[in-house]
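Below you'll find only one chain, the form predicted on its own, shown as structure tokens.
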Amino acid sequence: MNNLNAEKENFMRRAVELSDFGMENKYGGPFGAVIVKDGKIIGEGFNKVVSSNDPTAHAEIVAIREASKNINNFDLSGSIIFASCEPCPMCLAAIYWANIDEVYYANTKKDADKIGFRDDFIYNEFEKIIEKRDKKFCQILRGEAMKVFDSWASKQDKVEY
């Protein structure tokens, strides 16, 4: 095995270790993540949904927040994430928003489904037209909200992301 593959496996082992730590210490579900840039860990996390009462505190989100804080930048271009499980829809979106270049995962979303994590339900909701989703969606006050969007569009000093 070459050094690059061994290094990737070591980063994945760390993600798996974090998943076990978080689960065993009752922080949340069995998920861990590590973000690497230039061969160094810049952020890591484990699921903290239960301990923080935050449904968005998935391992990948925790790791993205830590990495962004550590490098003082919301743009994680040039980085790689190692996740103990294939990212859920929320985490996948966050990975794209953070501009992470590569995703490595161990367990699959099907494996997660077998132990009670139902990501497929959310993927299926995305495919439905708004009126057919399980949650009620209602648009109101678009005109007022559009004024803020118009201001953003003409703002000269905005930081685009």
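The first residue of the sequence shown is number 1, and the count goes up from there. Everything numeric in this text was worked out from a predicted model, so none of it was measured.
As for the form predicted together with another copy of the chain, it is not shown, yet the points below apply to it.
Residue contact with another copy of the chain in the predicted complex: G39 places no heavy atom within 4.5 Å of it. With a 4.5 Å cutoff on heavy atoms, V34 does not count as touching another copy of the chain in the predicted complex; it lies far away.
Heavy atoms of G78 never reach within 4.5 Å of another copy of the chain in the predicted complex, leaving it off the interface. Residues are counted as partner-facing when one of their heavy atoms sits within 4.5 Å of another copy of the chain in the predicted complex; in 147 to 161 these are V148, F149, S151, W152, A153, K155, D157, V159, Y161, in sequence order.
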